[in-house]
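Okay, so here's just one chain, in structure tokens, the form predicted alone.
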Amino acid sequence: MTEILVLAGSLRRDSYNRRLARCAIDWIRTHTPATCREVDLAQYPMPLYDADLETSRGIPETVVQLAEVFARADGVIFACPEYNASITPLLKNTIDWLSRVKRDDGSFVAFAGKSAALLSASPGGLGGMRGLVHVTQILSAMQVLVLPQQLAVARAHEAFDADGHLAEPVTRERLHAVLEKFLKLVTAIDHLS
């Protein structure tokens, strides 16, 4: 059974990206046999990455736990807020810490053999697309295969209805198309393994 993780790179309770992540979860659970798990980064608090801290105290237990959650998944969907045309500090710090958890062969426990889909929602006109460029670069450096098709939802403050669903049918269709392609990618990689 395919297992997909979905997480938002924001802790804000009313985050547009958290809403977008939940739209992805709802579609996967409704339209596919894959299992889908939402990861709330608030449940995995970690300090800012500091090599001296890692040397003196080791890798925080929350990081090890989250790396194990990633390791069990076949793919990850990231809903990425854009801060100043880049990645959020929360998401960058999470990836930095996860990159420190390695197997004996040096491969990344959290990222080895993984594929990812990137989504973003922003009140701005570009929908967070500039930040997705940076997330793509970072994940690619972690040996993650990032789906080229991405979704950036502009004017996010108007994009969701009162129930948290995407209001525009065209935007919903674009999300569904990205998710369908992503699940095909995950399945193809599973068959190669």
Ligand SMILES: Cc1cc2nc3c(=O)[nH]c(=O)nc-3n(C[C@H](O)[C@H](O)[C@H](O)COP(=O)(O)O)c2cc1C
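Because the structure is a prediction, the values reported are computed rather than measured. The first residue of the sequence shown is number 1, and the count goes up from there.
Not on display, but discussed next: the form predicted in complex with the ligand.
Under a 4.5 angstroms non-hydrogen atom cutoff, the ligand in the model of the complex has Arg12 among its neighbouring residues. When contacts are judged by a 4.5 Å heavy atom cut-off, Pro81 counts as touching the ligand in the model of the complex. None of the heavy atoms of Phe182 is located within 4.5 Å of the ligand in the model of the complex. The ligand in the model of the complex comes within 4.5 Å of a heavy atom belonging to Arg130. Between 110-118, 84-92, 97-105, 70-78, the stretch whose residues reach within 4.5 angstroms of the ligand in the model of the complex through a non-hydrogen atom is 84-92.
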